[in-house]
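Let's start with one chain on its own, the form predicted alone, as structure tokens.
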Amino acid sequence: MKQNVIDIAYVVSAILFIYGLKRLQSPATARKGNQLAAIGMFVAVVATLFLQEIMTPVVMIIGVVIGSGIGVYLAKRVEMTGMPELVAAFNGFGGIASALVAGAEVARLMAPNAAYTGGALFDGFAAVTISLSLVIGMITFTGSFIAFGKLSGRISGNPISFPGMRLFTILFLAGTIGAVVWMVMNAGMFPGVGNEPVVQAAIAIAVAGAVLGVLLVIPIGGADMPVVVALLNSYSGIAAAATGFVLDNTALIVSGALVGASGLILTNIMCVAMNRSLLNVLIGGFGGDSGGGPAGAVSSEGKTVNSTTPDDVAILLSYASKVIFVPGYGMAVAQAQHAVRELADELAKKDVEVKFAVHPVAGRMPGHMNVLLAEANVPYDMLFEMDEINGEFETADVAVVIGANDVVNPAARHDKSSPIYGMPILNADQAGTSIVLKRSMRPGYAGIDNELFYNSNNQMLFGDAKDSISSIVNEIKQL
């Protein structure tokens, strides 16, 4: 009877996972989808711990309270600009959890006093699943915290390498495969009987996985961090699924498979959005810190831009028929999303059609701009993906680019020597007038000048985006 209840609980949690994941497809339903998936995980945890009597109800409740408290604290304390690195850290925690469970299973199965039930407790299947959980979990753990360091600025966003690094990586990968084979070859033994090779193999796999995580992520530039975050999220799901096989836990297998598959799909979407292959992202060393480049209103080649003021922008927007906002990471840095929403509201009062164009790789994690705009209560029906809205820029009177850079650079269309050539961009340059809000002329992660800045129909509004937009709002209210 107890097992039947557990199985039913796992089916319910799987349904909630799948339905919740489906609801994540749209900003309008994403919050509800996240809640459904969280409920599904809670049901699975309760079924596993309580019904199988792994923990007493008191201990379980204490764990739920502590975990929930940490979650609430982080949700309230972490700024939206810090959300990408928080997601990276969560991926890392998922990875280390899977690795620790796999390590604990090795210790349990190979303990000299383990219960013998009439057969080899540590067979080939167990060896393979434990190995996968260990290596993928450790790669996810260390790789995610390297990504965390790059996103938070604790580690340079520039690609970091050293002579022979790729050879070193290949050697560690070969060593990892060798350790896995070693563990599988020593499977089938009874607990406590010559188990040293298995334990040694497990330690070797964990160490090699940890080193591989660092070697695989540290040479990747900051421009590719959104792809890396999505890929590491997939790794964490695959590690969880492998752990599910280790523990024979259906809920963990289902949830891990869903996260792994959706993460890979998202990774592919991000690569397509940059017109680059995943292999190119992993070994390309593209992008880095955006601190270089000219800080004034003159390019490195001596080209000048048209500067404007909040007063002039307010007049231009007030008499427009259609305005498209293009948010970027600069909006996140300035925490300007609420001011942008207020500006959109003021324009709507003047019967101006307002839309938001969101590029798939804008920001530092998948969906970063959607999260920021949702926090500011921008209506979901005003948010449009690149493919949906790109054809509308030609009919827009004004395109307002807020802290975006490479995703609106026309060089991606025609300059074959550009590192972003072929990357799909938002057609902000095709609007009647484009206005770019930036602190300076410093380039984005690609490290190149943006041709849009020097177009005759473009105007640059220099300064903090939040302050600039607030000034525009105040001027519009007086018109």
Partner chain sequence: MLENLIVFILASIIGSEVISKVPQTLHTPLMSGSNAVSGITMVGALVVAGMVADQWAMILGVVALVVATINVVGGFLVTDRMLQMFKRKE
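Positions refer to the first chain, counted from 1. For clarity, every value in this text was computed on a predicted model and none was experimentally measured.
What follows is about the form predicted in complex with the partner chain, which we do not show.
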{"query": "Per-stretch contact check against the partner chain in the predicted complex, the hit in 405 to 413, 326 to 334, 175 to 183, 232 to 240 (non-hydrogen atom, 4.5 angstroms)", "finding": "232 to 240"}
{"query": "Close approach of residue 30 to the partner chain in the predicted complex, 4.5 Å, heavy atom", "finding": "yes"}
{"query": "Exercise: residue 35 in contact with the partner chain in the predicted complex, heavy atom 4.5 Å", "finding": "yes"}
{"query": "Touches the partner chain in the predicted complex: residue 279 (any heavy atom, 4.5 Å)", "finding": "no"}
{"query": "Residue 385: touches the partner chain in the predicted complex, heavy atom cutoff 4.5 angstroms", "finding": "yes"}
{"query": "Partner-contacting position among 128, 155, 265, 214 - heavy atom within 4.5 Å of the partner chain in the predicted complex", "finding": "265"}
{"query": "Listed residue (370, 142, 390, 308) with a non-hydrogen atom within 4.5 angstroms of the partner chain in the predicted complex", "finding": "370"}
{"query": "Heavy atom distance at most 4.5 Å to the partner chain in the predicted complex, all of 317, 320 and 452", "finding": "no"}
{"query": "Residues within 4.5 Å of the partner chain in the predicted complex, restricted to 249 to 279 and counted by heavy atom", "finding": "249, 250, 251, 252, 253, 254, 255, 257, 258, 259, 261, 262, 265, 266, 269, 270"}
